[in-house]
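Shown below, as structure tokens, is a lone chain in the form predicted alone; questions about how it binds or moves come after it.
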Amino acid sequence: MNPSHLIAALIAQTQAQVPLPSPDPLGYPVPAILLQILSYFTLGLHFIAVNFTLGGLIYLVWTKIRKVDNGASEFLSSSLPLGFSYLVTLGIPPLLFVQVMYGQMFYSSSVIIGAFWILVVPLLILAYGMLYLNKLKKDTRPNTRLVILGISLLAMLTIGFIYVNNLTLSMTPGMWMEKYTANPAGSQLNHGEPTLFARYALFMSPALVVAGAALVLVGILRSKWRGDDAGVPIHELGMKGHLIGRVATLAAAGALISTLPKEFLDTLMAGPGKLFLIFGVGLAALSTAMVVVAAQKKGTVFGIIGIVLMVLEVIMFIAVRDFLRQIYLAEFFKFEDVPVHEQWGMVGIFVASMVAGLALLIVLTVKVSKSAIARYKESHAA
């Protein structure tokens, strides 16, 4: 048989029966609902760190392009390496939860785009290294720093694009054999996925929202520390970026809705996903309102409330995203089909370790912040 005919026959065969790997025979250590809750919480923290770091990097590149020194670049240059470390640390738990809950789908899609997937680690190292180089480099030439920051930004945007390709492919097992037989070396991405670019835009655009809110808070605090309007340019930049990010996120959400299969969208809106979506939109509106009030009244309390609401908002939308993934996979996989072999002791150890780790991160962040504040006050003392 001609090789091309053999491939066509294989594809036709898999359309009738997808060769989906079976779930882990060990099953789930706790009921799936608890795994979902933990994954939403940990992924929410990871996304906040991602959005702050990526958004902050975008703002920093913008200040270098415009050659504007409004104080934001000083804060971002020193804080982004720390944000990146949180990004990596907080990214491990949700990745483990994906492997536990959707392992057979996630591993399969990772193999299919393997040549790109394996690039994630060196790209992470490159992006992280460039942020530290920018922080430590004594060369003050703006073009040199712009190149360094541009490399870091491009690396982060590429990582995001690879992740979106992998995760969208993991939700469409019906496409696996066709893509694998077309390119067994794994040197292809999820071309042809109608929601790919809308999902990518929706994944990237909140970065301006989160980092913008952080700049608003930093600008307000800086003005209070110095007793003048030194922080006004910072919180104005953050406010503009925050609102632009909100508009971009709405546009990306609209684009995604327009590209989703209608039957999937109808199923989502007929289930609990609708309630989480409503809560998410409401929290987004309240969060932005708090940030606007903070910027106008220069009130740190409003800014902090806005950021807390933003974290809850992100968790709500993560839940919606997961419900949509379950709808995509309904034909191939259901949580109910996976046995539960309860191991509460192991889960207890994980939760205790997670709480202790988060407490340690909070303590370290407070210490670093206090030290940075003291240095700032000392260097700008009258």
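As the structure is a prediction and not an experimental result, all values here were calculated from the model. Start at 1 with the first residue shown and count on from there.
The same protein has a further form, the form predicted together with a small molecule, not shown here; the description that follows concerns it.
Subject >> Residue stretch of 320 to 328, 338 to 346, 57 to 65, 25 to 33 approaching the small molecule in the predicted complex, non-hydrogen atom distance within 4.5 Å >> reply: That would be 320 to 328.
**OP:** Counting non-hydrogen atoms within 4.5 angstroms of the small molecule in the predicted complex, say which of P94, G71, G83, G273 makes the cut.
**Re:** By the 4.5 Å criterion, the partner-contacting residue is P94.
Subject >> Single option in F203, F75, Y180, F302 placed near the small molecule in the predicted complex, where near means a heavy atom within 4.5 Å >> reply: Selected residue: F203.
Original post:
Can all three of L215, L237 and V293 be found with a heavy atom no more than 4.5 Å from the small molecule in the predicted complex?
Top reply: Per the other structure, none of L215, L237 and V293 touch the small molecule.
**OP:** Report yes if any heavy atom of R199 sits within 4.5 Å of a heavy atom of the small molecule in the predicted complex; otherwise report no.
**Re:** Yes - in the predicted complex, heavy atoms of R199 and the small molecule come within 4.5 Å of each other.
Original post:
Are any of the heavy atoms in V98 no more than 4.5 Å from a heavy atom of the small molecule in the predicted complex?
Top reply: Yes, V98 is a contact residue.
Subject >> Contact label in the predicted complex: M156 to the small molecule, heavy atom within 4.5 Å >> reply: Yes, M156 sits close enough to the small molecule in the predicted complex that at least one of its heavy atoms falls within 4.5 Å.
Subject >> F279 within 4.5 Å of the small molecule in the predicted complex, heavy atoms >> reply: Heavy-atom contact with the small molecule at 4.5 Å: absent for F279.
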